[in-house]
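Same protein, same chain, two forms; see structure 1 and structure 2 below, as C-alpha coordinates.
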Structure 1
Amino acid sequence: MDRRLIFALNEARGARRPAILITDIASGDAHIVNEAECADPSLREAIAAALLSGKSGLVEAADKTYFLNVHVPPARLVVIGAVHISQTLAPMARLAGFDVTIIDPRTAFATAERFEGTRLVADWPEDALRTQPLDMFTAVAAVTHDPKIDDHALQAALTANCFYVGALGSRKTHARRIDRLREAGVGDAAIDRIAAPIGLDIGAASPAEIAVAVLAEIIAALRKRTLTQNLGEMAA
(Lines of atoms letter the chains of each structure in order from A and count residues from 1; the text may use other names and numbers.)
(Lines give C-alpha, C1' and ligand atoms only; values in the text may rest on other atoms or scores of the structure.)
Protein backbone atom coordinates (compact mmCIF):
# COMPACT_ATOMS: atom_id res chain seq x y z
CA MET A 1 0.00 0.00 0.00
CA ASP A 2 1.13 3.49 -0.81
CA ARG A 3 2.15 5.39 2.33
CA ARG A 4 0.16 8.40 1.14
CA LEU A 5 -3.00 6.43 1.92
CA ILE A 6 -1.94 6.03 5.56
CA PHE A 7 -1.17 9.76 5.74
CA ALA A 8 -4.52 10.69 4.16
CA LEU A 9 -6.37 8.32 6.48
CA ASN A 10 -4.72 9.83 9.55
CA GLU A 11 -5.53 13.32 8.31
CA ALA A 12 -9.21 12.46 7.85
CA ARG A 13 -9.37 10.81 11.27
CA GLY A 14 -7.65 13.78 12.91
CA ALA A 15 -10.16 16.13 11.27
CA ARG A 16 -13.08 13.90 12.33
CA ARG A 17 -14.06 13.15 8.71
CA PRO A 18 -15.39 9.67 7.93
CA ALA A 19 -13.13 7.65 5.64
CA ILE A 20 -13.14 4.12 4.23
CA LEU A 21 -9.97 2.41 3.06
CA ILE A 22 -10.86 -0.04 0.29
CA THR A 23 -8.37 -2.79 -0.48
CA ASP A 24 -8.59 -5.29 -3.34
CA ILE A 25 -7.13 -8.21 -1.43
CA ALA A 26 -6.00 -10.13 -4.51
CA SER A 27 -3.85 -7.31 -5.91
CA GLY A 28 -3.29 -5.22 -2.78
CA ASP A 29 -4.53 -2.12 -4.64
CA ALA A 30 -6.12 0.34 -2.24
CA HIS A 31 -7.85 3.70 -2.22
CA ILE A 32 -9.84 5.90 0.16
CA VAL A 33 -13.40 7.14 -0.23
CA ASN A 34 -15.20 9.58 2.05
CA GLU A 35 -18.71 9.07 0.71
CA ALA A 36 -20.52 6.42 -1.28
CA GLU A 37 -21.19 8.54 -4.35
CA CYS A 38 -17.48 8.82 -5.09
CA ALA A 39 -17.06 5.05 -5.20
CA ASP A 40 -17.18 2.39 -7.88
CA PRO A 41 -20.91 1.76 -8.56
CA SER A 42 -20.61 -1.92 -7.59
CA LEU A 43 -19.42 -0.91 -4.13
CA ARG A 44 -21.71 2.04 -3.40
CA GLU A 45 -24.33 0.09 -1.50
CA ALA A 46 -21.74 -1.66 0.66
CA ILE A 47 -20.01 1.63 1.38
CA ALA A 48 -23.25 3.36 2.38
CA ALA A 49 -24.05 0.46 4.72
CA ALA A 50 -20.54 0.49 6.19
CA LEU A 51 -20.76 4.23 6.90
CA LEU A 52 -24.04 3.68 8.72
CA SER A 53 -22.91 0.73 10.82
CA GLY A 54 -19.30 1.82 11.29
CA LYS A 55 -18.36 -1.84 10.79
CA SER A 56 -15.42 -3.00 8.67
CA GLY A 57 -15.54 -6.19 6.61
CA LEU A 58 -14.98 -8.12 3.39
CA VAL A 59 -17.23 -7.41 0.41
CA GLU A 60 -17.59 -9.35 -2.86
CA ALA A 61 -18.22 -7.21 -5.92
CA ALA A 62 -17.65 -7.75 -9.65
CA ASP A 63 -15.73 -11.03 -9.10
CA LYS A 64 -13.34 -9.37 -6.69
CA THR A 65 -13.00 -9.38 -2.92
CA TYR A 66 -12.52 -6.05 -1.23
CA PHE A 67 -11.84 -5.19 2.38
CA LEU A 68 -13.59 -2.07 3.62
CA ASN A 69 -11.92 -0.61 6.69
CA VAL A 70 -14.31 1.99 8.07
CA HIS A 71 -13.15 4.94 10.16
CA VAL A 72 -16.04 6.91 11.65
CA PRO A 73 -15.19 9.62 14.21
CA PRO A 74 -15.89 8.81 17.86
CA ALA A 75 -18.98 10.55 19.23
CA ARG A 76 -18.41 13.74 21.16
CA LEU A 77 -20.60 15.62 23.62
CA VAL A 78 -20.34 19.36 24.10
CA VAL A 79 -22.22 20.64 27.15
CA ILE A 80 -22.94 24.35 27.27
CA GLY A 81 -23.06 25.23 30.95
CA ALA A 82 -20.97 24.09 33.91
CA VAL A 83 -24.08 23.61 36.03
CA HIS A 84 -25.29 21.01 38.51
CA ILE A 85 -26.72 18.74 35.78
CA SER A 86 -23.38 18.83 33.93
CA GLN A 87 -21.55 17.61 37.04
CA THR A 88 -23.25 14.23 36.69
CA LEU A 89 -23.82 14.30 32.92
CA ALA A 90 -20.10 14.63 32.14
CA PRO A 91 -18.84 11.57 34.05
CA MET A 92 -21.81 9.43 32.95
CA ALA A 93 -21.31 10.37 29.30
CA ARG A 94 -17.60 9.58 29.61
CA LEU A 95 -18.42 6.14 31.00
CA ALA A 96 -20.74 5.59 28.05
CA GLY A 97 -17.80 6.29 25.70
CA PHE A 98 -18.36 9.93 24.74
CA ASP A 99 -15.57 12.44 24.50
CA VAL A 100 -16.90 15.27 26.69
CA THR A 101 -16.21 19.03 26.69
CA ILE A 102 -17.95 21.57 28.93
CA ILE A 103 -18.09 25.20 27.86
CA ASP A 104 -19.11 28.02 30.21
CA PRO A 105 -17.72 31.57 30.25
CA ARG A 106 -18.66 32.00 33.92
CA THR A 107 -15.44 31.17 35.74
CA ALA A 108 -17.28 30.75 39.04
CA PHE A 109 -19.10 27.78 37.49
CA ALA A 110 -16.36 26.35 35.28
CA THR A 111 -13.93 25.31 37.99
CA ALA A 112 -11.65 22.29 37.90
CA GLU A 113 -12.78 21.45 41.41
CA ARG A 114 -16.39 21.01 40.34
CA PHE A 115 -15.46 19.10 37.18
CA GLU A 116 -12.55 16.87 38.01
CA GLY A 117 -11.34 14.89 35.00
CA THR A 118 -13.53 16.73 32.46
CA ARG A 119 -12.26 19.02 29.70
CA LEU A 120 -13.46 22.50 30.67
CA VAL A 121 -13.38 25.60 28.50
CA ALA A 122 -14.07 28.80 30.47
CA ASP A 123 -14.92 30.84 27.38
CA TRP A 124 -17.93 32.08 25.45
CA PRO A 125 -19.27 29.36 23.13
CA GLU A 126 -18.63 31.59 20.08
CA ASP A 127 -14.92 31.67 20.98
CA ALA A 128 -14.60 28.09 22.21
CA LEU A 129 -16.33 26.65 19.13
CA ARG A 130 -13.96 28.50 16.81
CA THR A 131 -11.01 26.44 18.02
CA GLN A 132 -13.01 23.20 18.29
CA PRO A 133 -15.76 23.30 15.66
CA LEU A 134 -18.89 21.19 15.93
CA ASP A 135 -19.68 18.41 13.44
CA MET A 136 -22.35 15.78 12.75
CA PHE A 137 -20.63 13.32 15.11
CA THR A 138 -21.11 15.74 18.01
CA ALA A 139 -24.05 16.14 20.41
CA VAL A 140 -24.72 19.55 21.96
CA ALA A 141 -26.67 19.99 25.21
CA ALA A 142 -27.29 23.62 26.21
CA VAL A 143 -28.16 23.73 29.90
CA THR A 144 -27.29 27.19 31.23
CA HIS A 145 -30.84 28.68 31.05
CA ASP A 146 -29.10 31.85 29.87
CA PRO A 147 -29.87 32.89 26.28
CA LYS A 148 -26.66 34.93 26.11
CA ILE A 149 -24.71 31.69 26.49
CA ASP A 150 -27.04 29.03 25.03
CA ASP A 151 -28.43 30.67 21.88
CA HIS A 152 -25.23 31.01 19.89
CA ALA A 153 -24.22 27.43 20.64
CA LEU A 154 -27.65 26.16 19.57
CA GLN A 155 -27.42 28.00 16.26
CA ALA A 156 -23.89 26.69 15.68
CA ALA A 157 -25.05 23.14 16.50
CA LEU A 158 -27.93 23.33 14.03
CA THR A 159 -25.68 24.76 11.31
CA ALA A 160 -23.09 22.00 11.85
CA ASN A 161 -25.85 19.37 11.64
CA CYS A 162 -24.96 17.95 15.06
CA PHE A 163 -26.62 14.57 15.58
CA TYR A 164 -28.25 15.83 18.77
CA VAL A 165 -29.18 19.36 19.83
CA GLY A 166 -30.91 19.72 23.18
CA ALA A 167 -31.86 22.77 25.23
CA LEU A 168 -32.88 22.93 28.88
CA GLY A 169 -35.92 24.97 29.85
CA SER A 170 -39.67 24.77 30.31
CA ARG A 171 -42.06 24.89 27.36
CA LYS A 172 -42.53 28.60 28.08
CA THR A 173 -38.78 29.24 28.08
CA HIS A 174 -38.47 27.26 24.85
CA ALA A 175 -41.28 29.26 23.21
CA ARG A 176 -39.32 32.45 23.91
CA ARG A 177 -36.17 30.74 22.61
CA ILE A 178 -37.95 29.84 19.37
CA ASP A 179 -38.94 33.50 18.92
CA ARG A 180 -35.34 34.61 19.37
CA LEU A 181 -33.97 31.97 16.99
CA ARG A 182 -36.55 32.83 14.33
CA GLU A 183 -35.58 36.49 14.68
CA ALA A 184 -31.95 35.45 14.19
CA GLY A 185 -32.95 33.81 10.91
CA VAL A 186 -33.03 30.13 11.93
CA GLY A 187 -35.55 28.14 9.87
CA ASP A 188 -38.43 26.19 11.38
CA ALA A 189 -37.08 22.81 10.24
CA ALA A 190 -33.85 23.49 12.12
CA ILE A 191 -35.72 24.74 15.19
CA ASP A 192 -37.78 21.53 15.20
CA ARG A 193 -34.56 19.55 15.57
CA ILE A 194 -33.97 21.00 19.04
CA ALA A 195 -34.87 18.52 21.77
CA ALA A 196 -36.84 20.65 24.24
CA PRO A 197 -37.77 20.19 26.99
CA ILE A 198 -34.46 18.36 27.10
CA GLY A 199 -34.18 14.64 27.89
CA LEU A 200 -36.39 11.56 27.60
CA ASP A 201 -39.59 11.84 29.59
CA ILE A 202 -38.76 9.61 32.55
CA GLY A 203 -40.13 11.98 35.17
CA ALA A 204 -36.61 13.06 36.15
CA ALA A 205 -36.60 15.28 39.24
CA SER A 206 -33.03 15.75 40.54
CA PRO A 207 -30.13 17.14 38.47
CA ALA A 208 -28.61 13.64 38.28
CA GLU A 209 -31.89 12.17 37.04
CA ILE A 210 -32.16 14.88 34.41
CA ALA A 211 -28.61 13.99 33.34
CA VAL A 212 -29.72 10.36 32.88
CA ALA A 213 -32.68 11.51 30.76
CA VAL A 214 -30.41 13.72 28.61
CA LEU A 215 -27.78 11.02 28.13
CA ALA A 216 -30.44 8.47 27.16
CA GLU A 217 -31.85 10.89 24.59
CA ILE A 218 -28.37 11.49 23.16
CA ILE A 219 -27.71 7.75 22.88
CA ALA A 220 -31.05 7.27 21.13
CA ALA A 221 -30.11 9.99 18.63
CA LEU A 222 -26.73 8.34 18.06
CA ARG A 223 -27.92 4.76 17.72
CA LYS A 224 -31.45 5.00 16.40
CA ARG A 225 -32.21 8.19 14.64
CA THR A 226 -30.40 11.33 13.76
CA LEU A 227 -26.81 10.30 13.12
CA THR A 228 -27.80 7.41 10.87
CA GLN A 229 -30.18 9.72 8.99
CA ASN A 230 -27.42 12.29 8.52
CA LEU A 231 -24.97 9.68 7.31
CA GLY A 232 -27.63 8.16 5.10
CA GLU A 233 -28.21 11.50 3.42
CA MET A 234 -24.49 11.97 3.04
CA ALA A 235 -24.03 8.48 1.58
CA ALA A 236 -27.13 8.54 -0.63
Structure 2
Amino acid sequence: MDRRLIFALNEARGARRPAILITDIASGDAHIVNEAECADPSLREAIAAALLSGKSGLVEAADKTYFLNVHVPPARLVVIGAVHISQTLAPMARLAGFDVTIIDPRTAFATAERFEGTRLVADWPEDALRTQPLDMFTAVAAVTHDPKIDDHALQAALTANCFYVGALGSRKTHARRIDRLREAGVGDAAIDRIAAPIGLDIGAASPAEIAVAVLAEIIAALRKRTLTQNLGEMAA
Protein backbone atom coordinates (compact mmCIF):
# COMPACT_ATOMS: atom_id res chain seq x y z
CA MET A 1 0.00 0.00 0.00
CA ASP A 2 1.14 3.54 -0.76
CA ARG A 3 2.83 5.02 2.32
CA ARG A 4 0.73 8.17 2.02
CA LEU A 5 -2.44 6.10 2.34
CA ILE A 6 -1.10 4.39 5.46
CA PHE A 7 -0.27 7.76 6.99
CA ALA A 8 -3.74 9.08 6.12
CA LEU A 9 -5.44 6.07 7.70
CA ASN A 10 -3.35 6.37 10.83
CA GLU A 11 -4.13 10.06 11.07
CA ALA A 12 -7.87 9.38 10.76
CA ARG A 13 -7.65 6.62 13.38
CA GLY A 14 -5.84 8.90 15.80
CA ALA A 15 -8.45 11.62 15.34
CA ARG A 16 -11.39 9.18 15.62
CA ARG A 17 -12.51 10.02 12.09
CA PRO A 18 -14.05 7.35 9.87
CA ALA A 19 -12.19 6.58 6.65
CA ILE A 20 -12.69 4.22 3.75
CA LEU A 21 -9.90 2.95 1.54
CA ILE A 22 -11.43 2.50 -1.92
CA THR A 23 -9.58 0.23 -4.34
CA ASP A 24 -10.49 -0.23 -7.99
CA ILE A 25 -10.18 -4.00 -8.40
CA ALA A 26 -9.30 -3.81 -12.12
CA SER A 27 -6.65 -1.10 -12.00
CA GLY A 28 -5.49 -1.36 -8.39
CA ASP A 29 -5.86 2.40 -7.98
CA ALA A 30 -6.70 3.34 -4.40
CA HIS A 31 -7.73 6.43 -2.52
CA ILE A 32 -9.25 7.36 0.84
CA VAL A 33 -12.51 9.14 1.58
CA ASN A 34 -14.16 10.07 4.85
CA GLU A 35 -17.74 10.92 5.78
CA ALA A 36 -17.43 14.42 4.27
CA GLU A 37 -15.75 13.46 0.99
CA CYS A 38 -17.18 11.55 -1.93
CA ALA A 39 -16.02 12.81 -5.32
CA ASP A 40 -17.65 9.94 -7.22
CA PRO A 41 -21.46 10.20 -7.02
CA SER A 42 -21.83 6.58 -8.15
CA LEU A 43 -20.20 5.47 -4.88
CA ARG A 44 -21.99 7.90 -2.59
CA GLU A 45 -24.71 5.55 -1.37
CA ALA A 46 -22.34 2.60 -1.02
CA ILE A 47 -19.95 4.70 1.08
CA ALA A 48 -22.77 5.90 3.32
CA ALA A 49 -23.99 2.34 3.82
CA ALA A 50 -20.44 1.16 4.60
CA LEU A 51 -20.00 3.91 7.18
CA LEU A 52 -23.30 2.92 8.72
CA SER A 53 -22.51 -0.79 8.96
CA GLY A 54 -18.77 -0.53 9.54
CA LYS A 55 -18.30 -3.56 7.27
CA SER A 56 -15.79 -3.87 4.42
CA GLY A 57 -16.66 -5.52 1.11
CA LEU A 58 -16.98 -5.42 -2.66
CA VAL A 59 -19.37 -3.02 -4.39
CA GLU A 60 -20.35 -2.49 -8.02
CA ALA A 61 -20.68 1.06 -9.35
CA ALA A 62 -20.58 2.55 -12.86
CA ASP A 63 -19.54 -0.80 -14.39
CA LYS A 64 -16.58 -1.09 -12.04
CA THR A 65 -15.84 -3.24 -9.01
CA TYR A 66 -14.39 -1.65 -5.90
CA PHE A 67 -13.30 -2.98 -2.55
CA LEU A 68 -14.27 -0.71 0.33
CA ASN A 69 -11.98 -1.22 3.32
CA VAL A 70 -13.86 0.49 6.14
CA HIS A 71 -12.12 2.00 9.15
CA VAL A 72 -14.69 3.24 11.68
CA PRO A 73 -13.80 4.40 15.21
CA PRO A 74 -15.02 2.09 18.00
CA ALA A 75 -18.29 3.26 19.51
CA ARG A 76 -17.74 5.12 22.75
CA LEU A 77 -20.01 5.80 25.72
CA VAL A 78 -19.38 8.78 27.95
CA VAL A 79 -21.44 8.68 31.15
CA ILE A 80 -21.80 11.92 33.04
CA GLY A 81 -22.21 10.87 36.65
CA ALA A 82 -20.65 8.16 38.81
CA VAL A 83 -24.00 7.07 40.22
CA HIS A 84 -25.70 3.72 40.91
CA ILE A 85 -27.06 3.51 37.36
CA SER A 86 -23.53 3.97 36.02
CA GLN A 87 -22.21 1.09 38.13
CA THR A 88 -24.36 -1.34 36.13
CA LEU A 89 -24.30 0.55 32.83
CA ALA A 90 -20.49 0.69 32.55
CA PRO A 91 -19.71 -3.05 32.67
CA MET A 92 -22.70 -3.92 30.47
CA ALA A 93 -21.64 -1.36 27.88
CA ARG A 94 -18.08 -2.72 27.87
CA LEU A 95 -19.47 -6.23 27.26
CA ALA A 96 -21.46 -4.80 24.34
CA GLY A 97 -18.24 -3.46 22.81
CA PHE A 98 -18.28 0.18 23.87
CA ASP A 99 -15.28 2.10 25.13
CA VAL A 100 -16.62 3.57 28.38
CA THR A 101 -15.61 6.72 30.25
CA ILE A 102 -17.31 8.10 33.35
CA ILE A 103 -16.95 11.78 34.17
CA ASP A 104 -17.88 13.18 37.56
CA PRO A 105 -16.16 15.95 39.55
CA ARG A 106 -17.43 14.46 42.81
CA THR A 107 -14.45 12.41 43.93
CA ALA A 108 -16.48 10.68 46.64
CA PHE A 109 -18.47 8.97 43.85
CA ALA A 110 -15.87 8.59 41.10
CA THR A 111 -13.70 5.98 42.79
CA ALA A 112 -11.89 2.96 41.41
CA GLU A 113 -13.53 0.78 44.05
CA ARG A 114 -17.00 1.59 42.71
CA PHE A 115 -16.00 1.38 39.04
CA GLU A 116 -13.39 -1.31 38.69
CA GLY A 117 -12.10 -1.58 35.12
CA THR A 118 -13.78 1.62 33.94
CA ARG A 119 -11.95 4.78 32.92
CA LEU A 120 -12.83 7.53 35.41
CA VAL A 121 -12.31 11.26 35.02
CA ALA A 122 -12.85 13.09 38.30
CA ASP A 123 -13.30 16.51 36.73
CA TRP A 124 -16.00 18.86 35.51
CA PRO A 125 -17.28 17.91 32.04
CA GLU A 126 -16.30 21.27 30.54
CA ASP A 127 -12.69 20.57 31.56
CA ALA A 128 -12.64 16.85 30.85
CA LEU A 129 -14.07 17.23 27.35
CA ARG A 130 -11.34 19.64 26.30
CA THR A 131 -8.85 16.79 26.26
CA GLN A 132 -11.22 14.09 24.99
CA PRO A 133 -13.65 15.80 22.60
CA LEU A 134 -16.90 14.12 21.65
CA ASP A 135 -17.75 12.97 18.13
CA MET A 136 -20.47 11.33 16.04
CA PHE A 137 -19.37 7.86 17.19
CA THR A 138 -19.94 8.72 20.84
CA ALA A 139 -23.02 8.30 23.02
CA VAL A 140 -23.49 10.60 26.02
CA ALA A 141 -25.68 9.68 28.98
CA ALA A 142 -26.09 12.42 31.61
CA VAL A 143 -27.34 10.86 34.83
CA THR A 144 -26.29 13.09 37.74
CA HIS A 145 -29.57 15.02 38.11
CA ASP A 146 -27.33 18.07 38.70
CA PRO A 147 -27.60 20.76 36.00
CA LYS A 148 -24.21 22.17 36.98
CA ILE A 149 -22.70 18.88 35.84
CA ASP A 150 -25.09 17.63 33.17
CA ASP A 151 -25.97 20.73 31.16
CA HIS A 152 -22.55 21.51 29.70
CA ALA A 153 -22.05 17.89 28.70
CA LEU A 154 -25.42 17.84 26.93
CA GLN A 155 -24.58 21.01 25.01
CA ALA A 156 -21.20 19.58 24.01
CA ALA A 157 -22.81 16.31 22.89
CA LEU A 158 -25.35 18.12 20.71
CA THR A 159 -22.67 20.34 19.18
CA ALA A 160 -20.51 17.29 18.39
CA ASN A 161 -23.48 15.49 16.76
CA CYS A 162 -23.10 12.48 19.07
CA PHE A 163 -25.20 9.58 17.81
CA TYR A 164 -27.01 9.40 21.15
CA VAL A 165 -27.67 12.04 23.80
CA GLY A 166 -29.72 11.04 26.84
CA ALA A 167 -30.54 12.69 30.15
CA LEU A 168 -32.00 11.29 33.34
CA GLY A 169 -34.99 12.99 34.91
CA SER A 170 -38.76 13.25 34.89
CA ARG A 171 -40.68 15.20 32.26
CA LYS A 172 -40.90 18.15 34.68
CA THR A 173 -37.15 17.99 35.24
CA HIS A 174 -36.57 17.88 31.49
CA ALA A 175 -38.90 20.84 30.93
CA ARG A 176 -36.74 22.91 33.24
CA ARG A 177 -33.65 21.57 31.46
CA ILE A 178 -35.09 22.70 28.13
CA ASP A 179 -35.59 26.21 29.50
CA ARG A 180 -31.97 26.34 30.62
CA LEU A 181 -30.65 25.06 27.30
CA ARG A 182 -32.74 27.58 25.37
CA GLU A 183 -31.38 30.36 27.56
CA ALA A 184 -27.90 29.08 26.73
CA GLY A 185 -28.66 29.43 23.01
CA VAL A 186 -29.37 25.80 22.12
CA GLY A 187 -31.96 25.50 19.33
CA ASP A 188 -35.14 23.46 19.57
CA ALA A 189 -34.05 21.04 16.83
CA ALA A 190 -30.97 20.14 18.83
CA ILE A 191 -32.91 19.90 22.09
CA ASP A 192 -35.35 17.49 20.45
CA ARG A 193 -32.45 15.06 19.95
CA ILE A 194 -32.13 14.52 23.71
CA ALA A 195 -33.64 11.22 24.86
CA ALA A 196 -35.49 12.23 28.02
CA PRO A 197 -36.63 10.58 30.15
CA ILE A 198 -33.59 8.47 29.37
CA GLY A 199 -33.86 4.83 28.25
CA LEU A 200 -36.42 2.69 26.51
CA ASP A 201 -39.81 2.61 28.18
CA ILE A 202 -39.68 -0.87 29.71
CA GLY A 203 -41.10 0.11 33.07
CA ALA A 204 -37.63 0.14 34.64
CA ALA A 205 -37.64 0.85 38.37
CA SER A 206 -34.26 -0.06 39.92
CA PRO A 207 -30.94 1.52 38.92
CA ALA A 208 -29.91 -1.74 37.25
CA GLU A 209 -33.14 -1.90 35.23
CA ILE A 210 -32.70 1.72 34.17
CA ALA A 211 -29.17 0.88 33.04
CA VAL A 212 -30.55 -1.94 30.87
CA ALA A 213 -33.09 0.45 29.34
CA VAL A 214 -30.40 3.06 28.66
CA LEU A 215 -27.99 0.62 27.03
CA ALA A 216 -30.77 -0.79 24.85
CA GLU A 217 -31.67 2.71 23.68
CA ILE A 218 -28.02 3.50 22.94
CA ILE A 219 -27.58 0.32 20.89
CA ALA A 220 -30.77 1.07 18.97
CA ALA A 221 -29.52 4.59 18.21
CA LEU A 222 -26.19 3.19 16.97
CA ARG A 223 -27.59 0.39 14.83
CA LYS A 224 -30.67 2.18 13.48
CA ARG A 225 -29.05 5.35 12.25
CA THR A 226 -30.62 6.07 8.91
CA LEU A 227 -28.86 6.09 5.56
CA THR A 228 -30.38 9.54 4.97
CA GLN A 229 -28.66 10.81 8.13
CA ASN A 230 -25.31 9.49 6.96
CA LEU A 231 -25.73 11.01 3.50
CA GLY A 232 -26.56 14.32 5.11
CA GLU A 233 -23.43 14.17 7.23
CA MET A 234 -21.36 13.36 4.17
CA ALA A 235 -22.67 16.42 2.36
CA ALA A 236 -22.20 18.76 5.33
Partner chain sequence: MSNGTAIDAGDPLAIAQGWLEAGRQVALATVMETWGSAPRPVGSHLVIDGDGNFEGSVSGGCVEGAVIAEAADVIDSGKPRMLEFGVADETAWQVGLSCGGRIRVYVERID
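Only the largest set of C-alpha atoms that superpose within 1.5 Å between the two forms is called the rigid core. Residue indices: 1-based, along structure 1. This is a predicted model, so every value here is computed, not measured.
The form predicted on its own corresponds to structure 2, not structure 1. Core-aligned CA deviation for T65 between structure 1 and structure 2: 2 Å or greater. Core-based alignment between structure 1 and structure 2 gives a C-alpha movement of 2.4 Å at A46.
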